[in-house]
Every structure is written in structure tokens, then in C-alpha cells.
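To begin, one chain is listed below as C-alpha cells, in the form predicted alone.
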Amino acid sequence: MSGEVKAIFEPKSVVLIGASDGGGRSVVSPAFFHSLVHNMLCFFKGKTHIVDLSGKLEGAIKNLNLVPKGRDLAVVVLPPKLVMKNWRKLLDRKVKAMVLVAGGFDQQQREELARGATKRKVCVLGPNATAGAINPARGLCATLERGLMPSRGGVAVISQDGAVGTAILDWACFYGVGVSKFASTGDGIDVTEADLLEYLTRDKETKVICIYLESVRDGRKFLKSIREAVKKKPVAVLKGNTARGEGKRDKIFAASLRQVGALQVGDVEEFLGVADALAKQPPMHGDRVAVVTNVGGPAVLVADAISREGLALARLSDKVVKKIIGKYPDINIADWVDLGIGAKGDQYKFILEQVLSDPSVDGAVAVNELKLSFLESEDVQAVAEAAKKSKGKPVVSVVMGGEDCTLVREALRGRDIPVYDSPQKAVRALGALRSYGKTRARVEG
């Protein structure tokens, strides 16, 4: 790597370079350049310089030579021919880092770009970094998709592919999953996934690192970076290109990921669901899961999912059962704690506190159904209050259904309780927390 990754994510000044009336290829369409300019002017908290080589964008600089030297980051939205034509001028501006958005560079061009980056010690993301880089804390929204700015949170995302990366960001916005950093690596002539892992491992805002991979450039360095990262925070990996007749190689790679402590997930939705739990909740240090519910049917499905995930239903101690029944004698306690359809927030809070205090419980699922019950979305804040008092035991919420799940997510915004619209997703998240609990025990032991 030629420079400091920090300049990509934490710039005080950014230069946007493109052409407002042409680009030759769809990935560098003028519309994309305009979207990038919009995003940065709308969100970025630092200084933005705009260079329009077409000379038609009001307020923009036309000549690269007029760009002040020593800016932190340049985002280049030009086709290969124009990038290569202006490469020396770009380097002469002495920026600390660049994001090269366009793809389509041949091998000779990529080698020339790499040599220039190394010689001038410029940190280069790309080329083909079509989804750019994002840091919500700084308002950095250097991406081509207009207005695609997730909320601030603890999930960092690295994606080799721009389209998959923007899909992940779109889901993050939809589910309200907070993002710390995002980067699209593209061809990776300079900055690799391993380099980003090293930076994100040190980043205080990042609680979990998520990586979408299609190929591994330097397997040994990549796995070493994960091994170091999981000592401080979980790493989840979504691997593409697994159906190309390389089953043995994929199995070896999956085994290598497990060996270094990474969690492998199957799709984008699982990717974000697991990441949300890992960012908000502590690792689970045992297999026993308690279920607290206000309706019966969803609890049955949660119990089924617990079994399939290789976890176990917790059996509450007699002491805790007596405390619960002593205050709420009508509550049914068997495989799970059934509060009944009349349950409100105060009952959830008291009972979850008792359940989480039980040494025989390692984690909990709170089923919070609004339909066919007297529970309201505001009542579910009691789940967050009880979880906050627990001693390092994770809690997730399940609300089956679309609108109700959205209502509860909104009610719990900023309260660090992940909310899922199906028992399977919730229990898979607990399974990931259990896996990371085992990893932490191994690396600390």
C-alpha cells in the first residue's frame, strides 16, 4: 500500500474530478458525476473542490493545475483514457489518497497506475471502485448513488463489487443498520481488503467488520489480518463465486475462515442481520437461550429455530421462577415464558431482568408481537432497559410482520436492540454471537 488508508475515510478536504457532459461509459456517466457532487455538497463537513473538465458546471474548476496542492482525497469519475491522460497532473496535485471510480483499465494501465501511486506515496482505492467510500461520522459520501447515506453506527462494510456494495448500503438504510465506514475496493491495485481490515481493526467507531469477496488477492495476508481483527472485534464474510466448479477450493477457504475466527454468511440480508447483532450486543458465552413472549405461535417457531441453530432452550432456575410467579401468578413458564396477550412494558422489563439474571441463561429472544395483543411499539423500549442491566448477555427482539417490525425498529432506534422480522433471522443472529463468543474465548484463553 502506497499511503495511509486514513486519508480515504477521514479527509478534511476532497477534490471531485469528472466531466459534466460526457464520459464515454455508463459507469462514468455525467449523471453519476452530478450525483457525486450532490452527495458531497449535501453531506460533507469539510472543504470540497470540484473539477469539471468539460467546463460547464457552475462554480467548478476547469483545469486540474488550479486545484490546491496537498488535498486529502481526490475522487476521480473519469474513463480510463482520460485518467491516463491526466494521471501525471493528478499525482502532481500531491493528494494523500484517491478513489478511482471507473473500471475497464487494461493490465498495462493498471501497472502504470500502481507505479505512480507507489512512487508518489498516494493511497489509491480502485480502479473500478464504483461504489466509492463513505464515512457517516464525517459526512463523507463519495459514492455515485444519489442520497445513499446510511445512518451512523458500528458496522463497517468492505465490498469488492460496487453493485453488491450499494445493495448492502440500501438494505442498511432500509433496516436502520448504522454504518461506521464503507469502501468499494474494485480492482485493488493498491489498497486491498487486508489493508482496510488493518485500518478498521484500529478504528474506534467500528464494532464489526463485514466483507463481501469474489476473489482473494493475497490469501495469507488476508487471513492474517482477520486473525488479528477478531481479537478486538468480529469479522463476517460473504463469499461470491462459489458455484464455478471450485467446490474443494471453496471448502478449504471456508475452513480457513473458521480457523482464523471469521463468520461466514450466506446472503446480504443475513450479512446485515448478523452484523447488526454483533455491533450492538455482547458475545454469547453459552448455548442456553431463554424465550420471553406475549403470544404462543411465534415462540414455537423461535424454539424450532434455536434447535436448528444448534443452541438449546434455557431452563430457568426455581429461584427465578418463584420470583416471576410471585409477582405475576398468571404467567405460564414451560419451554418459554409466556406473558400473555395483555403484557405491557412493565411486565417485559421485570421478567426479562429476572430471566437475564439467571445463571442458567446465556442469552434471550424477546417476542414482541403487536397484532392480536395489547402491546404497543413504545412498550418494547422496556426490552432495551432490561437488556442494559444484564451482565453481558445478548438480547434480540422478534416482531413477525412488516409494518409492526418497522414500528418496533423505530421505537428502539438508538437503543442497541437488534429487531428481526422472523424467528430464523433472530436466532441466526444469536448463533453468530455464540460463534464469536467461542472465538473470543479461544483467542483470550
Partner chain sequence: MGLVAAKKKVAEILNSIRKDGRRELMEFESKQVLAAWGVPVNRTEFASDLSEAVKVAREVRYPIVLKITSPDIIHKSEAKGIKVGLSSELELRQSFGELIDNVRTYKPDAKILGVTIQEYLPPAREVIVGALQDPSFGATVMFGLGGVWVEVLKDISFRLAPLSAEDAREMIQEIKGYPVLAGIRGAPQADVNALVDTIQKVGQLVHEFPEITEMDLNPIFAFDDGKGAVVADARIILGEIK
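Positions refer to the first chain, counted from 1. Nothing here was measured: the structure is a model prediction, and the numbers come from that model.
Keep in mind that the form predicted in complex with the partner chain is not shown, yet the notes after this line are about it.
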Triplet 216, 219 and 442 all within 4.5 Å of the partner chain in the model of the complex via a heavy atom: yes
Residue contact check: residue 223 to the partner chain in the model of the complex, 4.5 Å heavy atom: yes
Residue contact check: residue 248 to the partner chain in the model of the complex, 4.5 Å heavy atom: yes
Touches the partner chain in the model of the complex: residue 258 (any heavy atom, 4.5 Å): yes
Contact test in the model of the complex: residue 253 vs the partner chain, heavy atoms, 4.5 Å: yes
Contact segment among 193 to 201, 127 to 135, 277 to 285, 258 to 266, judged by heavy atoms lying within 4.5 Å of the partner chain in the model of the complex: 258 to 266
